[in-house]
Each structure stands twice: as C-alpha cells, then as structure tokens.
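Have a look below at one chain only, the form predicted on its own, in structure tokens format.
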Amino acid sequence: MNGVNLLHLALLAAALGPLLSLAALLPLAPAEVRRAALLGSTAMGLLWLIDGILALLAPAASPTLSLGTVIVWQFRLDPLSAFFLIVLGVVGSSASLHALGYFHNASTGQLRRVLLPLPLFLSSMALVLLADNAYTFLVAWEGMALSSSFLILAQAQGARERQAAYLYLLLAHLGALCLLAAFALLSHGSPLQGSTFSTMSGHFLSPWQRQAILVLTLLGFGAKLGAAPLHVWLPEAHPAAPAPISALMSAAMLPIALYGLLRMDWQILPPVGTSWGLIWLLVGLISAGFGVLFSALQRDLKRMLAYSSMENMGLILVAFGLARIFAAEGSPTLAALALSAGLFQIVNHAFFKGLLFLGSGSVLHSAGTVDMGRLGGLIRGMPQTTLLMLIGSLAIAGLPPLNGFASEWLLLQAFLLAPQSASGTLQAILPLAAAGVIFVLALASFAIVKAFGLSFLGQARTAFSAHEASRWERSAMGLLALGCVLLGLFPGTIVDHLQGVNLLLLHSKVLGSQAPWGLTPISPQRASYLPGAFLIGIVLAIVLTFLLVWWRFGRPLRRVPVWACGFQGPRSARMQDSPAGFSQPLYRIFRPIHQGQVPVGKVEEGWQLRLSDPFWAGIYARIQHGADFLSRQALRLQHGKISSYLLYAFLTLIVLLVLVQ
C-alpha cells in the first residue's frame, strides 16, 4: 500500500467518528448501541495502528492531500504523524474494547453521554496528527478539547465533576488562544489562509518573533500536556472521567501535545540554540518532580495515576530538551539518542498508563471505590486483573526486562554521555539534571509500589465483595500488558523504527542499527542491554532459590500463622499500613512544598492528608481573588440611573473617536 492510500485510510477511519456518533442516537436497545459504537471505535483505533505502522516502515513517503476551495483542509502523513497514530491506535482500540465491559450496566442515557462524544474525540485527535495547515490543526484541536470536556461530564454526579470539566475547558481554550497567536506570527498575520506547515517553515521570522512563538507554543501545548504550573486541571479531570476516558486522555491526548511541540518548535521553526533546550529540560524536571511527589502522597488511585502522567510527560520533556541541547551543541548522535529515549517513553506510557487506568476502572466496578485506604486484598477476588496490574506496575516502575526500563536506560545513557559536550556550562548543569531524573524515577517506583501493595495485597480494609473484571476488560488490559512485555524484550526493534522520526527532525540518521533483542545505545561495547538474558537470569534465580529452600526447609510443607507485627490477638486489617502512613517520610520531608495538613476526622477512616498545590495557591488563587475584586468594582457601575448610563456611552464614544484619530 503506497503512502497516498495510507493517508486516505487514516482519514477514512477519522470520518467514521461522526457516523458512529450519529449511530448512538438510533432508537436501539442499550446493548446494541453500546456494542455497535464501541466496536466501531475499536476498529477506528486498529486502522490507525496498522496505518501508522505501515507508514513508519516507509518513511520516505510523506503524501499530502487538500480538500475544499474556499476553506482549504490540508493533510499530510509523515513519520512523525505515523508514530503518534500508532500511539492513538493502541490506546483508542484498547480503551474502546475495555468500555464494552465497563459500560455493561449503563442505561441508555448514560451510554449516549459517552457514545456521542467518544468517536468525535478519537477522530479529532487523529485529525490533529494529520493536519498540514493552521486552520485544520486548530479546528481539530478545538474539537478534541470540546469532545473530551463532554466525556469528563459523562458520569457527573455532583459539582466536583462540573468544576473539573470547567477548569479543563478554561485552560484548554487559553492554550488554544496561545496557539492561534503562535500560528498568526508564523504566517505573518494570516493563519487561516491555508499555508502548509512546509510553507510556514520557509517564512522569515525576526528573533523576537521566534522567541514569542516559542513562549506561546510552550504555554499552549504545556497546558494540554499538564506541564507545571499549567497542570491544575489534570488531577481533577482524570478522576472525574470514566476509566476508559481517563486512559485515552492520559495515554493518547497528553502525548498529542508533545507532538505539537515537536511539529512547531522543532520542524517548522529554525534551530534556536541551547537556551530553549535548557528551558524544556527545566520545565520537564519541575513537572516530573512535582508530579511524582504528589503522586506518592495520594490516597485516590486515579488521582495518583493522574499525577504520575504529569511525571511521565515531564520526563519526556526532559528527553526532548536534552536532544535539543545536543543538537545545538553539534552532537547529532547524542541528540538522536535522547530523542529516541523520549519517543520510546511515549510508546511505553501509552501501554502501561493505559493499562493502569483501565485496571483502576475495573477495581472501581468490583470494589466500588478507588480509595486505597478502603481497598486491600483484591488479589483474592480479582486474580487475573491483579496479574495484569502487576505487569503494568512493574513496567512503570522501570524494572527490567519490561518496557519502562528500556526507555529510561536510553535517557540515562544520554545523560551519562553528556560530559563529552564542549560546553563547560552544560557539563555543570546536566549532571544535576541527571540526579533529578534519578530521584524522580526512584520516587515513581515508591508511588507504584504503594498503590499496588495497598490495593491488591494484604486484607480488605473495608467490607466489599470483589469480583473479577469482565472478559472485555481483561482482554483490553491483557493486550496492553502483552505490549509491555514485548516492547521490553525487543527494544532494539522499536529504536530502529524510530529512525524515520529522527531523520525528519534531526535531518540525519545517526544512531546505528540495534539488535532486535537488545539495546546498544551508542555501540555494542558500551552500556549494551540484553533483556532476554536478563529474563533468563531472573527465572533461573527464582527456580534455584525455590529448589534450595524447598530442599532445605520445605519437606514437608509447613503452614504457620502470618506474623502479626508484634500485635496481640487476631490479625486484622487495621494492623496494615495506611496510604498516609506509607508516605509519612515523604510527607515530613517535603512538607514545605505540599503544605500538607492532617484534619481531624473519623478515626475509623484512618490518617488522611489534605495537600495544598503551591502553584494553585501562588498563581491561580491570586488571579481568582483579583477577578473577584474587579467584578465587585464593575458592579458599582450598575446602579440604575439612566443619566449615568448615558454618560458612560458618551465617554466611550469620545474614547473610540480619539483612538480612531
């Protein structure tokens, strides 16, 4: 299949979205509506997945297509679009498949609140990736924001969900305004005239225009990907949305903001030196550090995963910033290494974060809560879901031989090779950044160990009857878990197929070919990693340990009571650690940042924390107070006197005349 056909296939799949939304309005039984719309969404995702893989295998072809005469819609499929189509296809198909089981008992009204905007959300994301001019991009971008805000409200039960959707929509539109201004600068004041991105890249821009565009795109895309301090919508929207929607927003929509940064700041704009690489790296480190700290302190499983998404986006931004620095310093090999690390982490994030969000939805259905202080012992009622969540937890914790380790290994290797850079300033800054990345990775492992241990192991902290997830839910999670294993075992294949994106962004293919079953960041003699050998070593160590213990102590097998940690009497769930107790060292060390409080509450609910977001208190609360003050002052103008209103109109007319003159 040639490139033109692949572009047509991707657009055809996107065109299915509005048709599926209309199908949700047909007067069919709830089960028929659910099955038709969600299987259609799954098919859309699979088409993009296949399309993206085929297009990435043929990076030389970048077909374009124009539709319309008055308003021109332009599309292009190149390796960068193809890569992100794969991410969208993986998450879109698995989330739709999981939704078949997740919404099994939903009423017709509840189903339509999901099935109407969901296909539009998927189509909008695909059109953002395929857009080749500002008009097409911005229309698809707005469609993505509007449809996802309706999805956040799909199961709204109170003011909290409505506030989350409002906050998300507010920041999304502020971000869109920044992007509109950036496109206006790029196209010299006419962003909607149909200039393609390739044409825009040839426009002359003064230095201040380039700097302004970089600031605007960082604000616009940063608001979407949850970069600090624009992240405040993220921990509110993800817990409010249904689990399949949370998976889509976290694992597919957030990376699309990274796509926008790469497309505009890297491909369209000319190189701008190391300064913006350092800014990306700094913003990424702050986002990752803030996200992982608040993730480790959470009690709500979905909120913990939302902050974890912020941490992952921060790490990817660090990798891209590092790549920009190396590219500006004249080290294309290291730039390709760091860029590959960031792209690999995006794929990994799609698999393990999608899996964990879908698993949290199954936990909510089974236990009726995602509060870790009320969960526990889910392994007994949900053994298969527990195994799948264990794979996702090990992957996101970065343990070999799963996929999270491979991308983190590439990123750390990029940092370790940095001292070869010529700049003395960078030699001082980059080791500190590397230390920050290692701290983030360690804290991320702590957070996921806490979440998995408190939820699935031990005893149930409250009375609930857990049951296994449906076959649709397990199938979707199983496919993502299988992806975590395969990506971890064959990292060289992934890195090799990222070369098309490297070639597009760096204009040279500088990383050597990798062995399919191994990873050789720079050369086979330096920091090579063989996940297969690692897996064999782990299996042999486990088997050998089991045989030794069984031979020395295990004949006959003895069963003894579980140690009660020194407590007398029967073992109870209250003897287990609580979420806040588990995080107590972090709570004490980082209290100046989170300003945590321990409110007086019911003793039986355990020790709870009330955290304060310093960005909210320092920025958004002040803006809110300022807006309230201005509103009160504006109300003074409204006092019911017609003479005053005539005076206002007269003064306004005078001011306008002066301005026109």
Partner chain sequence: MSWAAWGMQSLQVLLALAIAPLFAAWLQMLRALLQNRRPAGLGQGYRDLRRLFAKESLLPEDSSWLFRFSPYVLFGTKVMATTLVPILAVNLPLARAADVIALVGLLAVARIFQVLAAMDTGTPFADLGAHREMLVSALAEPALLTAFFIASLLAGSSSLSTIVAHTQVEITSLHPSMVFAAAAFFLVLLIENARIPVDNPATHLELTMIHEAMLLEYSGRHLALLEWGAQLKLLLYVAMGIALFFPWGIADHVGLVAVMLALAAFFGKLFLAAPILALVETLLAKKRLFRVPEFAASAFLFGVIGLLTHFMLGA
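None of the values given here were measured: they were computed from a predicted structure. Rigid core: the largest C-alpha set superposing within 1.5 Å between the two forms. Numbering follows the first chain given and starts at 1.
Although not depicted, the form predicted together with its partner chain is the subject of the following passage.
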Worksheet item: Would you say all of L416, G453 and A541 touch its partner chain in the predicted bound form, counting a heavy atom within 4.5 Å as a touch?
Response: yes
Item to complete: Select, from the options 427 to 435, 126 to 134, 102 to 110, 280 to 288, the stretch whose residues sit within 4.5 angstroms of its partner chain in the predicted bound form by heavy atom distance.
Response: 427 to 435
Discussion item. Which residue, G381, P332, G478, P400, is the contact with its partner chain in the predicted bound form, using a 4.5 Å heavy atom cutoff?
Written reply: P400
Discussion item. Using a 4.5 Å heavy atom cut-off, which residue among P271, G554, P570, G158 comes into contact with its partner chain in the predicted bound form?
Written reply: G554
Discussion item. Taking any heavy atom pair closer than or equal to 4.5 Å as contact, tell me whether L174 reaches its partner chain in the predicted bound form.
Written reply: no
Worksheet item: Does L394 reach its partner chain in the predicted bound form, with heavy atoms at most 4.5 Å apart?
Response: yes
Worksheet item: Quick one: is W233 in contact with its partner chain in the predicted bound form, heavy atoms, 4.5 Å cut-off?
Response: no
Practice prompt. Give a yes/no on whether D496 approaches its partner chain to within 4.5 Å in the predicted bound form, heavy atoms considered.
Written response: no
Practice prompt. Could you check whether the CA atom of T545 moves 2 Å or more between the shown form and the other one, using the rigid core for the fit?
Written response: yes
